[in-house]
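Below you'll find only one chain, the form predicted on its own, shown as structure tokens.
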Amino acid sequence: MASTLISAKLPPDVDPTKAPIAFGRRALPKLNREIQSPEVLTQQRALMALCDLVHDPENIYQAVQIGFLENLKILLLHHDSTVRQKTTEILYILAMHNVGRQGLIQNAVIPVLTELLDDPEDICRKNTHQVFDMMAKLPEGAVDILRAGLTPLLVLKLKTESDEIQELILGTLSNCLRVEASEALATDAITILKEKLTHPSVTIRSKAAQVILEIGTHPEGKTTVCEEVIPLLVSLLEDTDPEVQASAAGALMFATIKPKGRCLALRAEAIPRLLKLVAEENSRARLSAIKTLTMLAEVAEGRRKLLEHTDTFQQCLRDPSEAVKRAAEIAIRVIQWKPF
């Protein structure tokens, strides 16, 4: 889908300077009453003023305490697009702070936000996905998203949303699937993610590989990754972007835990590409590459090929990263192992 710029520009008659704000701690209670007004313009202006105020963390705490979130939940389903836009924007700002995220969980806002996945306004959908992305970074938030049954919906939205929103969806899925991946596997997420691995956008390729990595951390996910995406992941090891390479190497690391995954990776000529990553400056890619090569060294064919490259691992013993040094030590032991 072609990428488009989602505009947050408001109608010309919505002027935040015309929303009178009370002094001090009276400001938020007054705005809380105004967003419940039967007049749409009053609601719009109150939301504009509130949007400015919640950039202050102290105001976020007060807003949660006086019950703003219950009223904002109602406004999510408002017929006016500007009201929905500003409401979702406010929720996104709240989700950037821990007290706001806790408030969203306690007030069950996520299930209501689900209704906006098909909103006709791009900016409303973008704000909604920004909230999900922020919430998923908190373990309790990720669990809340999973409980709302959002995983299958988010996977399907990867087919239709703009690139900008797809990036947010992939970020949300990455954090949620770290907790639970069964729903994604039941929705045939791997098929859709495979398409994203060859997307023109570097960010989408990288995030799609990261989602596959998270799926591969689960026992049932390893089998699916082994069967469907190893050749693609191997090809991404030569991607022009270091982050894509690192994510692909990480996904391969989990996929090669299974014997079938090791055989498929060897068949796809993963060893020479992984050895190149070991020499790269990106420590994340280097660490994942070393661990993947260690897995491949457990196969006789892989060990035979890697015996010629022990110098590459010896150099890693001088790496400033302790994790890389430990991984290199283990790799050398596995490669040089001989049966009694």
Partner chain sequence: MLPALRPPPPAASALPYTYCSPPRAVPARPKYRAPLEADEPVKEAARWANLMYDRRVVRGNTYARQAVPMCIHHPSVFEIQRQREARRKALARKRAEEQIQLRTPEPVEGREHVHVQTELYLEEISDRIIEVDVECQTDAFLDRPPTPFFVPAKTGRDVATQIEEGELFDFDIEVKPILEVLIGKTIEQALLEVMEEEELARLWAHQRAYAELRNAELAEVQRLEEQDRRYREEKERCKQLQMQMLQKEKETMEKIAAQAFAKRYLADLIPSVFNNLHESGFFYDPIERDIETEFLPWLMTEVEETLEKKTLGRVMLDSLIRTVTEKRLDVFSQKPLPDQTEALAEEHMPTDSEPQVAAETEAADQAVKADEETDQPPDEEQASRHITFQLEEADQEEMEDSETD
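Residue numbers count along the first chain shown, from 1. This one's a predicted model, so the numbers in the text were calculated from it and none came from an experiment.
Below: the form predicted together with the partner chain, not depicted.
Chemist: Name the residue from 96, 266, 148, 117 that puts a heavy atom within 4.5 Å of the partner chain in the predicted bound form.
Modeler: The option sitting close enough to the partner is 96.
Chemist: If the cut-off is 4.5 angstroms on heavy atoms, which of these, 222, 157, 84, 205, is the one near the partner chain in the predicted bound form?
Modeler: Contact residue from the list: 222.
Chemist: Since the partner isn't included here, can you check whether the partner chain sits close to all of 56, 254 and 259 in the predicted bound form (heavy atom within 4.5 Å for each)?
Modeler: Judged in the predicted bound form, 56, 254 and 259 all sit within 4.5 Å of the partner chain.
Chemist: Would you check, heavy atoms only and a 4.5 Å threshold, whether residue 163 touches the partner chain in the predicted bound form?
Modeler: Contact with the partner chain, no.
Chemist: Residue-level contact is defined here as any heavy atom of the residue lying within 4.5 Å of the partner chain in the predicted bound form; does residue 213 satisfy this criterion?
Modeler: Yes, residue 213 is a contact residue.
Chemist: In the predicted bound form, is there a heavy atom of the partner chain that lies within 4.5 Å of any heavy atom of residue 280, even though the partner is absent here?
Modeler: No.
Chemist: Answer with yes or no whether residue 28 is in contact with the partner chain in the predicted bound form, where contact means some heavy atom within 4.5 Å.
Modeler: Looking in the predicted bound form, residue contacts with the partner chain do not include residue 28, since no heavy atom lies within 4.5 Å.
Chemist: Want to guess which of 134-142, 109-117, 148-156, 182-190 is within 4.5 Å of the partner chain in the predicted bound form, heavy atoms only?
Modeler: So the stretch in question is 134-142.
Chemist: Going through 138-154 from first to last, which residues have a non-hydrogen atom within 4.5 Å of the partner chain in the predicted bound form?
Modeler: The stretch does not touch the partner at all.
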